Structure formats: C-alpha cells, structure tokens
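Only one chain comes next, encoded as structure tokens, the form predicted alone.
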C-alpha cells in the first residue's frame, strides 16, 4: 500500500474515535466556545441553555448532512450572540444543500431573535461559467436538495418559523436583496457564486456584521478577501482580510491540509465588515 493510502476499513476506528471526540467536546464548546464573557448582556443565556444549544447542533449534524461541523456552527452562534439586539439585521445563508446547516442556523436565530433568509437554487450547483477555475461542467446539479426536502429537515430539526426560502440562481436573486444583514453564511463552491454573494450582499452587511465562508481551504477563495484590486473596484475600500484563511478558525478540529478530508476536519473562516486586511506600512515613505 502506498504511503498515505488509507482503506475504508482502516478509517473506521479513526472515525469512531473522532465521533467520540466530537461528542465529548460538547461541554467544552458550550463553556469556552460560547463563553459568557463574549455574549452581549441583551441575551440572558445560561450555561445550561448554551449546553442544550450545542447538543442540538451536534445531534442535527448526525441526522442531516452538513458541510460544516457543529463546532463551526457554534462559532457562528458566538458571533451572533455578541451583536446587540438593537443592531438590526437578518441572517443570510447562501447555499443550504439539504438543510442541515439551515436547521442549526434557525435554532441560533431563534435564540438571538433574528430571521433567517435562505438563498439556494434547490437544483444543485450551477453550470460552470467561463473563467471559474474550480467549476466543472460534470458537477452541475451536485449537492442538490429540493426545497421540500430542506423545509422538511428544518421543520423536524430546527425552527422553520424563523426561515424565509428564496429560490433561484444567485445571479438572479441576490441583486434584489434589500434587508440589512447581521451575518452571512456562504457555502457556495464555485468562484462565480462567491463573487455574486460578496458583490450583492456586502453592501447590506451592518458595519460590524460578519461574513462566514465554508471554502476556507482554497487559498484563491480566501484571496478574494485579501485582494486590494477587488475591493477597490467594487467597494472603493481596502480588503477586510479573512480569519482562518487556509486552515479555518480554531474550533478544536484537526486539519493540516490541503484537501485531506478523511477525518471530518470541517471548520470555517470569517471576516467582519470593519476588519482590515490592508498592509499600508512602508518605511520608505
């Protein structure tokens, strides 16, 4: 067997141990990931309440396929809990697959009393566009979750009363978005889709609103958030940067990368509208 080649049989005990590790981490995520020091005083969330939320996030990821771990979703919850209730804004999810992350986001939105708008084609990935180096024609339609499937999963495992579902390709739906946004979650796979999300939704993001991205392991996707030319062209400002570029933020996962996904290392990366990833120091000036 070649070095690095691992069979499914050999992976089985590793996955079993990983499951035990993630389940055993629930109290630590509740205590340290959702640390009360960083929760705004508007939210009267007890330790028991945080433990129940994290447990439900973990349980839901066992029942419904998701692209991110429950720990990554807890990181999203932590940022939403830091935003005062007086700050207006909905939560936006772009790309929901079969609704696993949607169910968990709906529970988080219930806790912080915000609405969740879910944008998806509900027909899978779009046809590859020219110039998109990661999109492939044969992948069109992959990761398809019918609207009815997504809604059923949210109804069974989340809080569907918090959700509004907007069906269509991002290029057709996102230009019509009008609500203020407190936080964006993007799991969109293709470069063209990420471009559509950022260009159309960033202007609606609150000054201290958060933008989370699932494609943190692709350095060119991360590069968008460091690109001075992109941010100058579309928003006449410097780039915000991206926390977790290449490896994801620290949520107790193990990922050396790139592209080795055998033990569920799914973290997440994020930025905030008032962050700066612009290098302006020059000793010659």
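Since the model is a prediction, treat every value here as computed from it, not as a measurement. Numbering follows the first chain given and starts at 1.
From this point on, the text means the form predicted together with a small molecule, which you will not see here.
65 is the sole member of 224, 237, 249, 65 with a non-hydrogen atom within 4.5 Å of the small molecule in the predicted complex. The partner is absent here, but in the predicted complex a heavy atom of 125, alone among 125, 135, 205, 83, sits within 4.5 Å of the small molecule. Residues 75, 244 and 266 are none of them found to lie within 4.5 Å of the small molecule in the predicted complex, as judged by heavy atom distances. Comment: 94-102 is the region of 152-160, 107-115, 94-102, 175-183 lying near the small molecule in the predicted complex, near meaning a non-hydrogen atom within 4.5 Å. With a 4.5 Å cutoff on heavy atoms, residue 170 counts as touching the small molecule in the predicted complex. Proximity of residue 188 to the small molecule in the predicted complex falls within the 4.5 Å heavy atom cutoff.
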